[in-house]
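This document opens with one chain alone, in structure tokens, the form predicted on its own.
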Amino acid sequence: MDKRLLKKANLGKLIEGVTAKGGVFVAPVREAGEVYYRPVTGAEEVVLDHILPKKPFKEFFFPQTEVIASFEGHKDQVELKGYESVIEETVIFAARPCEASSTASLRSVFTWDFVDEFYTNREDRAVVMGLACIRGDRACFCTSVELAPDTTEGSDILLKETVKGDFRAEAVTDKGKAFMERHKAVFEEGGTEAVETKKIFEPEKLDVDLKRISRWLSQKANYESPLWAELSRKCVGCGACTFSCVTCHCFDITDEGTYFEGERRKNWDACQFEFFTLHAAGHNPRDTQYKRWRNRFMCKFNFYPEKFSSKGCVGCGRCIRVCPVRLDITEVMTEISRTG
């Protein structure tokens, strides 16, 4: 890997170098006591004293709502116009490695049986700069899903904080190497082997067995196991877990407007909502909440591993932190590991 040093004093120059050419520099910022990913124009806006931003950066590749077409109603026809957005270079700075690894999961879905260019065009024009974790909490469990606080998966450039407050930068992909070369004035060469980095935070590894979980989930007899209702009885179907998840990708397409004109929009949806699988005839195959929660768990640990080589869960712990009834996915993972 190409290793260089990004001094904290040069971060502002890097931001200016990206935004001056029409690019967008996204970094963690503090708003109303919480941390979010937001476009920034100066280094003074960036904060790093947090575990994870409130929402994932996937919304810069897969927006919560986006226009995919517009329409106009005429006397004898409806005119539909396609929509192509202008995608500028987007830099995602200081993404946690667990979250960075989710880009492979999203791309697997959006290029599976049809290439969704609304997603791929944004990701292709993005540079993900991961930042190794030096802090965490009890909700972090990346090591239990075969990742690490300094994994390179999904990052184009991996940063590690030095004891002096700078960043040791390692180019992981060709895209990352090209980015560092374009901005070589702020990425200093040489001497990085002698730079001391801060100690990486290591989450405690849980007593879970992913292969055993996958095997138990693949057995048809377990689909109707009473364990599902027992483990998810607290779930209220609010959808907070899915909307904060870095790999959840469900969406709906709706026409919004009047008879005369309007837009066709792609909006986030969630399998935890009551009407998510409601048929036009009135039948709902997931008519109770435990069935909806079962689907989410199976998506993470059965459907994804079976269909793709990427991960359905990256162990970021966001779903645990936002759940209003403290339904902990790791407790379910542990119980099924024991049962299986």
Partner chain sequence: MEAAMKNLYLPHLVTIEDVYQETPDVRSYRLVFKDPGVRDTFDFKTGQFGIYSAFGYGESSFCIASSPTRKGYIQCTFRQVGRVTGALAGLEVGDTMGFRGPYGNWFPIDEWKGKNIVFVAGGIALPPVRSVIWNCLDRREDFGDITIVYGARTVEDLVYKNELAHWEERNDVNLVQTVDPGGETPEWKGKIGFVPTVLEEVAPKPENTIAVMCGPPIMIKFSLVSLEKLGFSDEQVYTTLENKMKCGVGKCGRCNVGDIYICKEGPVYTAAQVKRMHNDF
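Positions refer to the first chain, counted from 1. Here the structure is a predicted model, which is why all the values come from computation and not from measurement.
Heads up, the form predicted together with its partner chain isn't pictured, but that's what we're talking about next.
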As a check of understanding, the residue in A185, V163, I253, V236 with any heavy atom within 4.5 Å of its partner chain in the predicted complex should be identified as I253
The listed residue (I87, L227, A178, V195) that reaches within 4.5 Å of its partner chain in the predicted complex by any heavy atom is I87
Testing 89 to 97, 218 to 226, 154 to 162, 132 to 140 against its partner chain in the predicted complex with a 4.5 Å heavy atom criterion leaves exactly one stretch, namely 218 to 226
Distance check, M298 to its partner chain in the predicted complex, heavy atom within 4.5 Å
yes
F243: heavy atom within 4.5 Å of its partner chain in the predicted complex?
no
Should E117 be classed as touching its partner chain in the predicted complex when contacts are defined as heavy atoms within 4.5 Å? yes
So, T173 and its partner chain: in the predicted complex, are they within 4.5 Å at any heavy atom pair? no
Taking its partner chain in the predicted complex and a 4.5 Å non-hydrogen atom cutoff, the residues of 80 to 118 making contact are L80, K81, G82, Y83, E84, S85, I87, V109, F110, T111, W112, D113, F114, V115, D116, E117, F118
